[in-house]
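Quick setup: one chain, the form predicted on its own, written in structure tokens, and binding and motion questions come after.
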């Protein structure tokens, strides 16, 4: 899908958006609890503001408001067409906010504006898609019964909580929130404490659309706030995107009272390069897989699995491509690679690289990066045993391993405990598809690496430690619904 090219608004307008607020029962309120960390501009390392958290009293108010609205049934009983109209209106309002949302994220997360502006079209498209689900009649479907049709009703489970990370917060939040509202649930959003500002603009779009107050609320803070939300018995559905440790904590909390749960936790994704692959296309795929969102995306390239006959060619071609990557300020339209999201994350990635070097690894990097800010060049590590590279690094770093046979390639691709995405390159598509079908992962793309899905209506599953459940146009809607089957059994 093509979108019009946009430019970032003036920096003063971007900085004016960095005013944190809780959004509770339609009111914008300043968070009260000062946290230890800081929100920074990773392009320079400059501090923007202290991280702040919502007070327990305000969290309780948000939960009480949401529960009251659910129990009233007012939103759940609003006809699907009317709910769809409001979601469409929100989409239209949010479409005009994409430049501001994208610029805020570039300034606050380091994602280059060309990518951020593209990705954040998901913000308004998510609301359009959720409205489309309602208009399709999916909330009430029918199958034949012994005495007329049997209804399959998808009804809202209750209060929903959505928690999003810092790598693409507004787009992830919009997908979750739009589906929760479409399903008929009041929803509470907790953005990441590292990059909360872009998510706040969702409130502008939903207010403009006339969403009744209290149906969408925002609280702020770190893991403690998230734990308080997902542990509360009034919450009946949780959608979380983030790291493995956070996902495990959320899953444990939800297990106590069997909340509906959706987890997307990232992966250590493999690219299998078959001996007949086009080396130039492979090199382009490696660069895309390692620089999109600065390597900080759930389907980023983590393990490069190359046939031994072309190992040197692939590595050399990738290095040449790395030399051409322009790293710089994320708000510059010329930048292709920005900084890592924050100083702590950069430190974790550098530690991971050093650990691989201590295990015999050799780093290969060629992209010139600025001296200020949290930049790290895309880096391929060779010479490390595959069983030493099982964990996700979540940055522009990939390890390279070789294989002789398809069986070895598939074994390497399936070796990690994750299973979110994967890639196969080869000139013979049937051969590539045969290998791809054996990869135990949520999705595999042949001869391409892209943020775009193969089909927007296809599910986005997660295997192993990559998550729990599926994302997708219908799949996320279902997270927030319980099904009831109603029909006449006898006359």
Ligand code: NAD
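Residue numbers count along the first chain shown, from 1. Since the model is a prediction, treat every value here as computed from it, not as a measurement.
Unshown form predicted in complex with the ligand; subsequent notes refer to it.
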item	value
is_contact(residue 250, the ligand) in the predicted complex, heavy atom dist at most 4.5 Å	yes
Contact of residue 192 with the ligand in the predicted complex (heavy atom, 4.5 Å)	yes
Contact of residue 232 with the ligand in the predicted complex (heavy atom, 4.5 Å)	no
Any non-hydrogen atom of residue 246 within 4.5 angstroms of the ligand in the predicted complex	yes
Site check 165, 227 and 392: each within 4.5 Å of the ligand in the predicted complex by heavy atom	yes
Contact assignment for the ligand in the predicted complex, among 330, 420, 301, 123, heavy atom within 4.5 Å	420
Sole residue of 339, 196, 266, 396 within 4.5 Å of the ligand in the predicted complex, by heavy atom	266
Contact stretch among 238-246, 127-135, 152-160, 407-415 - heavy atom within 4.5 Å of the ligand in the predicted complex	238-246
Partner contacts for 208-239, taking the ligand in the predicted complex and a 4.5 Å heavy atom cut-off	221, 222, 223, 226, 227
